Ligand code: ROI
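Given as structure tokens, the chain that follows is alone and in the form predicted on its own.
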């Protein structure tokens, strides 16, 4: 079983409900189990500022799916929940990203693991550190060291 960290984000149509719904969908994936999920974190948008704030979380999965099969499954969950990409780094009903897949390094046109934006996103690193503080991001460093190097902060509160 591969250990996989998934980043979740939403800023439309009751984002907390959208994340909870996505987690329920993750629990139904074949050959996959949800081990744990972080708390929900509020963050300012990283992209255009004329959109609502986000709610973010990170889940740890164990799966027998390949990275590409998991990506397809995540995209299907996004479609099921009604995601329509309107603009780069724009508002979204649900966003599910493969952050880490074991210690794999994958660089394909449609899939990059580890996710290339991990070192720049406190809304990924802080929830990741909550559930797996000793995690090493291949070719980037430890979660703790990446948090220490952050230049920008998007988090402003934690959802209960």
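Note that the coordinates shown come from a computational prediction; the quantities given were computed from them, not determined experimentally. Numbering follows the first chain given and starts at 1.
The discussion below concerns the form predicted in complex with the named molecule, not included here.
Discussion item. So if I measure heavy atom distances to the named molecule in the model of the complex, which of the stretches 29-37, 53-61, 127-135, 103-111 falls within 4.5 Å?
Written reply: Residues of 53-61 come within 4.5 Å of the partner.
Discussion item. Contact with the named molecule in the model of the complex for residue 120, defined as at least one heavy atom pair within 4.5 Å: yes or no?
Written reply: Looking in the model of the complex, residue contacts with the named molecule do not include residue 120, since no heavy atom lies within 4.5 Å.
Practice prompt. Flag residue 67 as yes or no: does it have a non-hydrogen atom within 4.5 angstroms of any non-hydrogen atom of the named molecule in the model of the complex?
Written response: Outside the cut-off, so no.
Worksheet item: At the 4.5 Å heavy atom threshold, is residue 90 in contact with the named molecule in the model of the complex?
Response: It does: once the named molecule is placed as it appears in the model of the complex, residue 90 has a heavy atom within 4.5 Å of it.
Worksheet item: Heavy atom to heavy atom, is residue 9 within 4.5 Å of the named molecule in the model of the complex?
Response: Residue 9 belongs to the contact set for the named molecule.
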